[in-house]
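Next up is one chain by itself, shown in structure tokens, the form predicted alone.
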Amino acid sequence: MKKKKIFIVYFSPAGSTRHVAEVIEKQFLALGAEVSSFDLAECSSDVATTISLQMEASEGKSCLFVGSPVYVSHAVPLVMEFIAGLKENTGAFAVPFVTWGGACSGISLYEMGKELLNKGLPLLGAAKVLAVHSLMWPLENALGKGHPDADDDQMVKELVDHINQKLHEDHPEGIKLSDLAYQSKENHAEMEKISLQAAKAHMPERTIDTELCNQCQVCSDVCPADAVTFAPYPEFGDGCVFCFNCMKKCPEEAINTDLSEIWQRIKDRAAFFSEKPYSQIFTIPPLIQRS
């Protein structure tokens, strides 16, 4: 029997989405599938065309997994741009997955699923996975601390096993887009109105300690959005997604900001939504979920 072709595409500034992608890859490899993984932070702009052509040329069934962290209720723009660049009707299936930091997973899965369906990619499943909140890394009581954990990984592996079985069926039944519309109608409508671009205006300003900064350019190297330039000290362009990798990984601790107000807003948002289950997979028939 010919190997199934699996494509995994993700964006992961904090590493959580990459972790889930790696669990997916390892499990598919253990099942004998052929796997190709792509980190959008390291890919050229034509990666969507390249993958589309490979999916179209693949003999037998293939499946595209697309992963994103949740930023302000949405998948990050780079992921949505990748989906928009896919060729239509390649004959492949798709599985969107997101990692979220315990405040709210938003409408990210719904929006990714909708665009994948618009490209003619039926959804065989989906997943949301709890992760430590990327803006709370200095805190002992960070939301999602310790996640993804072994239970989350096991859930993802069971999703992979399910998808693998589906790919061996002649006419696999997938999930419906409505399965991913798990927020209330009122909250869904409000989330459609907000965006990462609008949220940037409320993010605290970063300052550069010019006495500490030695222009080593580590901040530029670790920026997944390629948004840091030097003139002569670091400057942050419009492509910045506010992952704060520049601040987290500066060896001189020369980049600073006050995130205390952001932390409180995140905690208030988590209390307001009280979203559960924290980690969940969406399949037909339903499998497992975490409360």
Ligand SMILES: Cc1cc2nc3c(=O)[nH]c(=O)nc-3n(C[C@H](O)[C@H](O)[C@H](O)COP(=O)(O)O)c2cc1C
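Just count from 1 along the sequence shown to find any residue number. Quick caveat, the model's predicted, so the values are computed rather than measured.
Omitted here: the form predicted together with the ligand. The next part is about that form.
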| request: Counting only non-hydrogen atoms, choose the one of 132 to 140, 162 to 170, 82 to 90, 112 to 120 that falls within 4.5 Å of the ligand in the predicted bound form. | output: 132 to 140
| Full three-residue contact with the ligand in the predicted bound form, heavy atom 4.5 Å, for 73, 196 and 243 | yes
| request: Flag residue 212 as yes or no: does it have a non-hydrogen atom within 4.5 angstroms of any non-hydrogen atom of the ligand in the predicted bound form? | output: no
| Any non-hydrogen atom of residue 104 within 4.5 angstroms of the ligand in the predicted bound form | yes
| query | Would residue 14 count as touching the ligand in the predicted bound form under a 4.5 Å heavy atom rule? | reply | yes
| Hey, in the predicted bound form, does residue 181 get a heavy atom within 4.5 angstroms of the ligand? | no
